[in-house]
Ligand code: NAP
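Below you will find one chain, with nothing else, as C-alpha cells; this is the form predicted alone, and questions on how it binds or moves follow later.
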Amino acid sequence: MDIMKNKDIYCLIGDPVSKSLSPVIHNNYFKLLGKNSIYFTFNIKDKELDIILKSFKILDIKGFNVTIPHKIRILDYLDEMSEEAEILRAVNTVKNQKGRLIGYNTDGIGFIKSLELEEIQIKDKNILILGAGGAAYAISISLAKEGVSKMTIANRTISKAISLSERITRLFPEIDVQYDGLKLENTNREKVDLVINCTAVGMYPNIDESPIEMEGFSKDLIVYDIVYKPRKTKLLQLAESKGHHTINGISMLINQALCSQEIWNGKKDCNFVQNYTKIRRILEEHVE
C-alpha cells in the first residue's frame, strides 16, 4: 500500500528544523479536515536552496514554510510577493501556483489573529515592543496597520532600536514611534497597554532570564511573549505575579500556521476558532 499515493505535499525548509512543531500543527490540521495531504521538514543548507526550489517545482510541492536562515534569501527565487512580504522584505510562506512561487509573510497576521481570539483591542493603544529583529518588525508593521497610537521599540543594542523605529516612522508617519534600551529609562511604564517580547530571552538556555523588570506598569497591562518554549517564560511568570494578563507564543505559532493554510487552501477550510482550539490542545502536549 502506497501511503504517499495522490497526496499533496507541503513542508518547512530551514536550518535547523529538527525541533520544529510545524509538522505537528499542519499534519493534525490535515487530519481534522480529512485532507489527503502531508507536511514534512527539510533541513536545507544555504548552498542547496537553488536546487531544492527547482526540485519543488518538478515534484509539484503545493506550498512550503520558510524559516531561518532562508527568509530573506528566498526573495531571489520568487515570481511574486504579497504586499506584506514586500514591506517586510522577508517571507515565511510560499505557494506553488502552477510552477510560479508566490511569497507571503504570516508572522504579523498570525500575531494579530491571536489578539483577536483573545478579544484584545489594540486600536489607539500604547505598545512596548522588546527586540528589534525580524519578528519585531513584522509585528510592529501589523500593529501599525491596526491603528495603534504609539509604539516604543526597546532593544539591548540602541542603534538597532533606532533603526527599526525609523523604518516604522517612514511607513506610518502618523504613529508616535519611540526607542529605548531594555532598562526602559525613557519609557513611561504606567502608560503602556501591551508589552510584546520579540527577543530570544526566556528561551533555552536563558530560561531563568527576563528581558525587562516588571515594576511600575499599570495593573491593566497585557504581556505577550512570542516565545513558546517554555510555555511560561520568566517574563510571563513575573507578569503573572503582578496580576497582569499574559499570553504565550503558542497562540501566534498556531495562527501563523493557519494563515499559511488559508493561503495554500483557501479561507473556506480555515475555521479559525474551531481549528485553533483543537490544535492548541494537541500542541500543548508537545510543549512543557
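Note that residue numbering follows the sequence shown and begins at 1. In this text the structure is predicted, and so the values were computed from the model without any measurement.
There is another form of the same protein, the form predicted together with this ligand; it is not shown, and what comes next is about it.
- Partner contact region in the predicted bound form: 222-230, out of 42-50, 222-230, 28-36, 57-65, criterion any non-hydrogen atom within 4.5 Å of this ligand.
- Scanning 156, 167, 125, 89 against this ligand in the predicted bound form with a 4.5 Å heavy atom cut-off leaves one residue, 156.
- Out of the listed residues 136, 94, 151, 195, 136 is the one that sits within 4.5 Å of this ligand in the predicted bound form by at least one heavy atom.
- At a distance of at most 4.5 angstroms from this ligand in the predicted bound form, none of the three residues 20, 24 and 114 contributes a non-hydrogen atom.
- This ligand is not shown here, but in the predicted bound form it comes within 4.5 Å of a heavy atom of residue 256.
- Taking the partner from elsewhere, residue 199 is found to have a heavy atom lying within 4.5 Å of this ligand in the predicted bound form.
- Contact annotation for residue 160: at least one heavy atom lies within 4.5 Å of this ligand in the predicted bound form.
- In the predicted bound form, this ligand sits beyond 4.5 Å of every heavy atom of residue 85.
- Along 101-126, a non-hydrogen atom within 4.5 Å of this ligand in the predicted bound form is carried only by 107.
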